[in-house]
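One chain is shown next in structure tokens, namely the form predicted alone.
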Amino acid sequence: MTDKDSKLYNIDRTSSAGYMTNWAARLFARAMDRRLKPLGLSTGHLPIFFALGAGGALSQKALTEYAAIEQPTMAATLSRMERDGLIHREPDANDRRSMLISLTPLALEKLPAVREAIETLNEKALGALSEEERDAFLVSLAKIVAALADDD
């Protein structure tokens, strides 16, 4: 292979937004799992904590839409959380076919530690950025997520 051929076939992973985002996501997930494990939680629980952490209740369908994950994944996550005493289901007064899901007192007790884990890891990850760079990064990331969500 010549130098010219080498340049044609060389793909620089640090120039790929998709690769770098995926790599960062994997690193975030591993680091977050290490922080959540002592609480009996994992990153799979976070969408539920984000959605219900203020004390509200949502249907499984609404949680699935909020978390942007597949319904079977949400159903399995909620079943595990119910088994572990982290969520409570009650009939929806406005729709008897639907159940409203909320965090239990046990889950709410864990909320400050979950928040601390999130904040600590975000600070570690974004610590090398100035406040302006952090803001620009998060705004850019939200635009990327919106653009890719439209691709579905």
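Numbers for residues come from their place in the sequence shown, where the first is 1. Nothing here was measured: the structure is a model prediction, and the numbers come from that model.
The form predicted in complex with the DNA exists for this protein as well; it is not shown, and the discussion that follows is about that form.
With the DNA left out of view, the stretch that reaches within 4.5 Å of it through heavy atoms in the predicted complex is, among 120 to 128, 49 to 57, 105 to 113, 82 to 90, 82 to 90. Residue contact with the DNA in the predicted complex: residue 45 places a heavy atom within 4.5 Å of it. When contacts are judged by a 4.5 Å heavy atom cut-off, residue 39 does not count as touching the DNA in the predicted complex. Contacts between 93 to 113 and the DNA, taken as any heavy atom within 4.5 Å in the predicted complex, involve 95, 96, 97, 98, 99.
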